[in-house]
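Below you'll find only one chain, the form predicted on its own, shown as structure tokens.
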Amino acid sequence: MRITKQREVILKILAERRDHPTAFEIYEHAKNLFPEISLSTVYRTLKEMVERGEVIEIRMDGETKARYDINTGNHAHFRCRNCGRIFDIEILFPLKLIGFKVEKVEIYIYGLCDECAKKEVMA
């Protein structure tokens, strides 16, 4: 994949935003940095980046809108049931399953983030 201005902008946004934005959220941010960018370019570029293993596509709770993560290392995702934010959670790897060759691991954890848990205790 060649390095284009659009691709650089998308990578910059993903590196800065660790909140796992949707393609539309990336587009909204990107058009401020690169007004000529189109939504279809963002979708196409993200699709190529996912296929190349440069970003991860996340769909938690059967969401129709994918979210994107620049952290391609093995990790889990935690979604707060109250505020809806998604956090990267480090887990211990390597995972070994006897008789299987593990190529990809997706772990989704749900509950309350620290901030929301504190608010719930105070209520």
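The first residue of the sequence shown is number 1, and the count goes up from there. Computed from a predicted model, the values in this text were never measured in an experiment.
One more form of this protein should be noted, the form predicted together with the DNA, which is absent from this view; the next part is about it.
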The one residue among Ser40, Asn82, Asn32, Thr72 placing a heavy atom within 4.5 Å of the DNA in the predicted complex is Ser40
Contact label in the predicted complex: Ala66 to the DNA, heavy atom within 4.5 Å
yes
Does the DNA get within 4.5 angstroms of any non-hydrogen atom of Asp88 in the predicted complex?
no
If you check in the predicted complex, is Glu48 within 4.5 Å of the DNA, heavy atoms only?
yes
In the predicted complex, is there a heavy atom of the DNA that lies within 4.5 Å of any heavy atom of Glu28, even though the partner is absent here?
no
